[in-house]
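Coming up is one lone chain in structure tokens, specifically the form predicted on its own.
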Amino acid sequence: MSKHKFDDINLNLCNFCGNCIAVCPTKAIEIGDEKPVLTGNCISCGLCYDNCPGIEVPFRKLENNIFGKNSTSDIGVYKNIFISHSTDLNIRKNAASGGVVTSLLTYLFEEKNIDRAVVVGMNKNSPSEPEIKIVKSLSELSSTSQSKYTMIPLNSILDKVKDAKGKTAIVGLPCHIHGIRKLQDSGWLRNDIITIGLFCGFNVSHKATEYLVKKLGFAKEDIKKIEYRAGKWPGGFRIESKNGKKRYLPKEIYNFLMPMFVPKRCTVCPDLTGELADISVGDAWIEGYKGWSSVITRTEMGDKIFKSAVKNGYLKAEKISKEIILNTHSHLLRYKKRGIIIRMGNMKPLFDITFKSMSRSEWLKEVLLFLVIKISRSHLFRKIILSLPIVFIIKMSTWSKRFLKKGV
């Protein structure tokens, strides 16, 4: 173990996973403004540094730990690939896409395979803010469905479950799963946790939510409810005030805001599909299967859990080929697995991955995307764009969606 201290961590590499907050033995690290902050005495134990996935994610080592082999595919090691959705109409209606995660957790609770689940919901007292929750019953689970497009230090709560009796399931983004696997590799966290990874192109700062709230004319204290994937698939951003005022924006508004609010660390993450999880889940985007989820089972435990949930009627599923996933997510896989080389520059977390080469046309597309992100993240660009009326920004988001669909 190293003798690094918290100040040795370059916070430009931070993905706000929360690992450092959980492992600090003196509880000297706390949640700051989308960054961990040192508020107490650092004893230079090295735990925060050694377990930081912003410093290093040794994929080959972790894959061997988990799967007994290394990946040869852009979607990681896997057992089976499915498209699936919940058989419960209420769950499916309130889900972002298919309700697979909620139904999996429902199955695990009802079959007494887990005693708790670590998930993300919205704060009851401050409905515009996400909240990490340890749920222990189905009644608590119902309030945590749908995606939350915002940074959240999920792993910061792991010190509250690491020594708890019984089984735990954790639902997180690829960066959260990276952190969990590092904690398990170091021996700090037990190995019997069930991990469900969510597909993630990149996340956004909570400032994107704050911008929309303000732009739509809502005061933070008047908000009753915020949903990021409300309505029919693929859903959109919906906000409701305590006096009944409602506004809805299509999902592409967030796609438009993402380049402006994407954290720098997210631009150099090579993992789209949650490659180190037991089960990975994301939107299917397959013609004829609107509102279904893609599901990748990776470990024996994950495969058994998913198949049992299907067999017991919690989920409907159809097996699909790897090629379908590769084709339907080709632009994001290129962005994650090839274009990352262009975006990394001098910021190089150690991933222990061999990045694949690109064709000339792919290279040009990724250079263009890199420039778009770089310009979009600049203070001047954001100031100009975000000062425009919301109607104009909605039109811009619609245009950008059409532009991307053409593959330009």
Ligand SMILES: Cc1cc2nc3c(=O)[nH]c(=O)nc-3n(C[C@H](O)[C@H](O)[C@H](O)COP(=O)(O)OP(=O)(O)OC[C@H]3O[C@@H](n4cnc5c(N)ncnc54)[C@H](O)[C@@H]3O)c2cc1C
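Computed from a predicted model, the values in this text were never measured in an experiment. We number the residues from 1 along the sequence you see.
Keep in mind the form predicted in complex with the ligand is missing from the figure; the text below concerns it.
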Next on the checklist: I'd like to know whether residue 193 contacts the ligand in the predicted complex, with contact meaning heavy atoms within 4.5 angstroms.
Outcome noted: no
### Message
Since only the chain is shown here, I'm wondering whether residue 182 would be in contact with the ligand in the predicted complex (any heavy atom pair within 4.5 Å).
### Response
no
ask   = For residue 298, is any heavy atom within 4.5 Å of the ligand in the predicted complex, or not?
value = no
### Query
Should residue 211 be counted as a contact of the ligand in the predicted complex, where contact means heavy atoms within 4.5 Å?
no
Contact with the ligand in the predicted complex, heavy atom within 4.5 Å, among 158, 95, 269, 309 goes to 95
As a check of understanding, the residue in 189, 75, 119, 257 with any heavy atom within 4.5 Å of the ligand in the predicted complex should be identified as 119
Taking the ligand in the predicted complex, would 144, 171 and 281 all count as contacting it (heavy atom within 4.5 Å)? yes
For the ligand in the predicted complex, the stretch among 301 to 309, 158 to 166, 236 to 244, 201 to 209 with residues bearing a heavy atom within 4.5 Å is 201 to 209
Looking in the predicted complex, the residues of 292 to 329 with a heavy atom no more than 4.5 Å from the ligand, listed in order, are 293, 329
